[in-house]
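Here's a solo chain for you in structure tokens, the form predicted on its own.
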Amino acid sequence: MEKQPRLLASQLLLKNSLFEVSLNRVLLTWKEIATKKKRVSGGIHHPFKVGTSHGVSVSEILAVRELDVDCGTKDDGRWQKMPQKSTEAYPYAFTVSYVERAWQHRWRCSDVTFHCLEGALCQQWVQTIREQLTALTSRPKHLLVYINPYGGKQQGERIYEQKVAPLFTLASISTHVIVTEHANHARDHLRTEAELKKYDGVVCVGGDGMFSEMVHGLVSRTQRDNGVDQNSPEEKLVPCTLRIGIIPAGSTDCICYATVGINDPVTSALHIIVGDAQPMDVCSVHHNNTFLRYSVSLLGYGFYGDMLADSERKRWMGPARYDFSGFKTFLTHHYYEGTVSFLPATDILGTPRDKTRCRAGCFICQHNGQLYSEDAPEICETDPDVSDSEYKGGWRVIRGKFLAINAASMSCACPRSPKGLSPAAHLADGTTDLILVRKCSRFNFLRHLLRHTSKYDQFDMTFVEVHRVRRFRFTPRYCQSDSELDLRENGKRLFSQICRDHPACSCSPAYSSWNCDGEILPHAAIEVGCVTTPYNLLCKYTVHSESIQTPSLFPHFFTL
């Protein structure tokens, strides 16, 4: 890496000790100057070790402000107590606020205050640092903020006002705040009324449902303005220039946790401020050439669909409804017959069962799944042991009885399932991981569910299979034509019809519901296509916080 020339270098006072402070276009560093007195009194505790260099990336500096040693901060009026010795000898000072990485992917705002001998030197430092921050074009200046006051524990407004708004003010970000009044308020406002050209990004304070609303609002408006027919599964989506950020304030906050590594409002706000960005895959869901919804995290049929449908009738219970409905759904143990057709992603590096996690600067996501597109075979080999699968024109077809059919566009990790439904899923490789859980005993299904919370391979079971796909279709058995069914099962179809007409019987229901990012789809027969938008169709301001090679795991702007 080419060494950056210094912009400024001075000897400044910090914590009653002299430091050599240096600034270039990349780093602000400070190193204590060793003195004879320091060598003699080396046993005295000091917050910075002598000779050790400390620094912060310019891209992670939040703000700089000049201080009046006697009165406090000139910019925001905050009073700060200064040591008497430094006040007398170094009457001018400035404070740099920056990102400090804490434990478990948390980010915090920290301050360091330097004292100067001359006022002109102090102003020069403040002006130079501000010029470098202004040159960071990825940072937002104007944000449109939607707050869901009803999501999760109904703490959205308090979280924003107490934890997020002060940080935005510190970073000189102007905001227009809208508190939503009903479901889909944010979606409808973004579709029609919002003056999007005035903003650099859109932020939602809420959960996964709120994020989904904003995705639908922005994507739908962009496609409408560009004449794209959303009802056509083959249409390519036009990228949106705005970015979307999440401040977690929902029940599970799966999207935030799976991308940032933690559900922490301060961490998410800091990622928004520094302008981190990450592309994301979007799945478009259609039924008979009619657009239904977009999905960015989980599509679940069977277990997760039944659980959501039951929990919607118990919203009065709050977040506890998911535990109750999940336990109830597990006990009912319904399975569903149908046909799953999918197009395997044979031209991509990595599999759903490898141990490669999607991290900042992910090699697979950077190449957008096109690593082996020239040499990839049209279809993969057929497993001779699987009797209910076949291949048609590159598509694999599987018929059977399923307890759950899940499509994970990301790991879907959450505090209760730190690894998620598909730990190796990637955020922007143009694929989704299709997980098929066949009919099995309650005990075996419980083993599968428990592995979501353990370190073991959750797919290492005979009744579970996972495929990385680009497209897939699902048709429930009751929707299939006679030509698709085995004519020898006429008797079974007759009894199945009787069961459907008389739901009081103890047989399993004919079909379940699709859980699409926490919303129930009106149709069971769907077609899903995964679209990667490397040109910033949408962006989220949140990401993982630790990287394999760098201290940051995911840059915080998410591109859908």
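Counting begins at 1, following the sequence as shown. All values reported here derive from a predicted model rather than from experimental measurement.
Omitted from view is the form predicted in complex with a small molecule, to which the following refers.
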Check your understanding: Closest heavy atom of M210 to the small molecule in the model of the complex, within 4.5 Å or not?
Key -> yes
Check your understanding: Taking the shortest heavy atom distance, is A183 within 4.5 Å of the small molecule in the model of the complex?
Key -> yes
Point to revise | Touches the small molecule in the model of the complex: G152 (any heavy atom, 4.5 Å) | key: yes
Review point. Should R399 be classed as touching the small molecule in the model of the complex when contacts are defined as heavy atoms within 4.5 Å?
Key: no
Revision key, fill the gap. The listed residue (R139, R321, R470, R221) that reaches within 4.5 Å of the small molecule in the model of the complex by any heavy atom is R321
Review point. Which of G217, G206, G245, P279 has a heavy atom within 4.5 Å of the small molecule in the model of the complex?
Key: G206
Review point. Which one, 246-254, 233-241, 115-123, 348-356, holds residues whose non-hydrogen atoms are within 4.5 Å of the small molecule in the model of the complex?
Key: 246-254
